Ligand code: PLP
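Next up is one chain by itself, shown in structure tokens, the form predicted alone.
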């Protein structure tokens, strides 16, 4: 990363009706200490976050990310963020990004200091990593058991499956395991044999002329990029669907992608060592769309 920008927010109530929240956040030195020793985001990973892709200073799909941040807050019993306040903070952060190229804005809402009076909130902006290779050459993935059955979210909502929390140690461990196995990424599967999601991305499969993604009944995080791409595919006349997908269907797909806000559409070229067809032209069209300004 060659540059960074950061804002700290005084979180406003979700029903605060003011028009201008500029006085509720301020820029801070991103390289200087900013969090208390008692901050629960660092002590326990007790908080939520979102990562928003930025293209040429345009923050992509902001409302969809704010909606998901609010959903995660409800699941975690955190105060629901004021969407207007956070949108204004995102606009300020985007304005500090370079005029051309890709960046990433992160929204973080923590439960705050232990026994403290209020949550902690901040917004950062930074240069996005170069994902050209993954987008153009594709990625190899392995399947990893998530360790629970597909009905676990309904039986154990306290697991917070489906919330985008700061507790990302398992996701990072899965990526390290994938690399130990000679792959670039992983796809989580349930212990009873159904496809879930990747540690930091959503999965889309092409079967003939249909595009499918795992149904969100397994505690899957609804992907903002996947939702946007499904809207685009529907506009092109393709059928899209959410389905409960058995693991065996992965290697029978006509194409597969991992999609996310920053990496965008990365074609999967192998799953557990078995090759997967790669449609380079279609992938390029996906990324042209995902790099276009989207609100």
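Remember, predicted model here, so these are calculated numbers, not experimental data. Residue numbers count along the first chain shown, from 1.
We do not show the form predicted in complex with ligand PLP, though everything after this point is about it.
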Could you tell me which stretch in 235-243, 32-40, 266-274, 253-261 has residues with non-hydrogen atoms within 4.5 Å of ligand PLP in the predicted complex? 253-261
Residue 171: touches ligand PLP in the predicted complex, heavy atom cutoff 4.5 angstroms: yes
Residue-level contact is defined here as any heavy atom of the residue lying within 4.5 Å of ligand PLP in the predicted complex; does residue 111 satisfy this criterion? no
Given that ligand PLP is not shown alongside this chain, does residue 214 nevertheless sit within 4.5 Å of it in the predicted complex, heavy atom to heavy atom? no
Exercise: residue 224 in contact with ligand PLP in the predicted complex, heavy atom 4.5 Å: yes
So which of 190, 124, 72, 202 reaches within 4.5 angstroms of ligand PLP in the predicted complex, heavy atom to heavy atom? 202
Consider the chain as shown here, without its partner, and state which of 206, 164, 135, 140 has a heavy atom within 4.5 Å of ligand PLP in the predicted complex. 164
From first to last in sequence, which residues of 37-71 have any non-hydrogen atom within 4.5 angstroms of ligand PLP in the predicted complex? 65, 68
